[in-house]
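Take a look at this single chain in structure tokens; it is the form predicted alone.
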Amino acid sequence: MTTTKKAVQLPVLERSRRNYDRLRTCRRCGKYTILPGESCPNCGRARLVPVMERARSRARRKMLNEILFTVLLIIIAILLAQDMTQIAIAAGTGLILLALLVLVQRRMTGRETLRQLSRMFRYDHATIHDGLVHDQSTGVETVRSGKDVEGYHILRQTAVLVRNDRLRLALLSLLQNFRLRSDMDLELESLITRDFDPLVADYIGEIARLKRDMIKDRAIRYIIANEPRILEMENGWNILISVASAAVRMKRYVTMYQGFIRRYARFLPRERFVRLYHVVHSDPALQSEVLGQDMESIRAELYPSDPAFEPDAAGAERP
């Protein structure tokens, strides 16, 4: 069965150093969202601030309260003093303690900000969850209105913080409707589900064809663990060959997944088999394994006089 895929331009997801950097909270209603925009999705007010900025504000407020409390103690000590000597001692000691407090606070600002951020995540967990659920609902409604690309981008943004198979499969279902290209901003690791699903296998095979450098350990292990079920798929054979072709780009993968590579070595495209042949023959340990023997047998059968297999041609092969 063939499906018509749409030619689209997928928006680029802005990366951040920490996943929660994109999460914002409303100063007015306290709701959370990970979606861009000036207005709060809940109350409509333009009072959204990044959670880190909110945590920094709380840290400054806490430190100010500590300073005010210290000043209050100094004033009380001065008022309780019996003579000028005691007043001078109370004032001098108080000012020294106040200066030390300010110095310590400056050095602890970063740590206190992180502590306040941790408190926000701990005590506002339910509110954050509700906000992300609302963001997902926005994405679903956008898809239902016929705006697949916009809906995909919204759901992809929520997936930065929401990690569950239901959302992963929703994203994969949308990607299945698009004509993917190697120049698109695609991802793989975050879309691999815990359990087997044909959507995941299909997508891994597509990525192996388009951007083989994205095929890493997790994707290869997923394919190997579900190999029998993938073989039952209509396009299963091509998926397995594509992943094996991508895996031979690195010697480490050839070493770790020799059994998988051996099963499909004969069916690799010529370019990929040449690459595999040279990887194996560059390592005496690999060459002495069964994989090395298979390489010679396949070469003798399929490429008996191909000059690309000569030792001096090894450096010309692409990864």
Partner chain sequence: MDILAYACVAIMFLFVVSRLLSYAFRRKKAPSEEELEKQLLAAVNERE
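Numbering follows the first chain given and starts at 1. It should be emphasised that the depicted structure is a prediction, and the values quoted were computed from it without experimental measurement. The term rigid core refers to the maximal set of C-alpha atoms that superpose within 1.5 Å between the two forms.
Another form, the form predicted in complex with its partner chain, is not on view; read the next lines as being about it.
- Heavy atoms of every residue among Glu66, Thr93 and Val162 are located within 4.5 Å of its partner chain in the predicted complex.
- Contact annotation: Arg28 falls outside 4.5 Å of its partner chain in the predicted complex, judged by heavy atom distances.
- Among residues of the shown chain, Lys62 is one whose heavy atoms approach its partner chain to within 4.5 Å in the predicted complex.
- Arg212 falls outside the set of residues with a heavy atom inside 4.5 Å of its partner chain in the predicted complex.
- Although the partner is absent from this view, Glu206 stays clear of its partner chain in the predicted complex, with no non-hydrogen atom inside 4.5 angstroms.
- Residue heavy atoms within 4.5 Å of its partner chain in the predicted complex occur in exactly one stretch of 242-250, 149-157, 125-133, 177-185, and that stretch is 125-133.
- The partner is absent here; in the predicted complex, the one residue of Val140, Leu73, Ile192, Met233 having a heavy atom within 4.5 Å of its partner chain is Leu73.
- For the options Leu171, Ala201, Leu117, Ile220, the one in contact with its partner chain in the predicted complex, meaning a heavy atom within 4.5 Å, is Leu117.
- Residues Gln86, Ile89, Ala90, Thr93, Gly94, Leu97, Leu100, Leu101, Val104, Gln105, Arg107, Met108, Arg111, Glu112, Leu114, Arg115, Leu117, Ser118 of 83-120 are found to place at least one heavy atom within 4.5 Å of its partner chain in the predicted complex.
- Shown in the overlay between this form and the one not shown, fitted on the rigid core, is a CA shift at Leu72 of 2 Å or greater.
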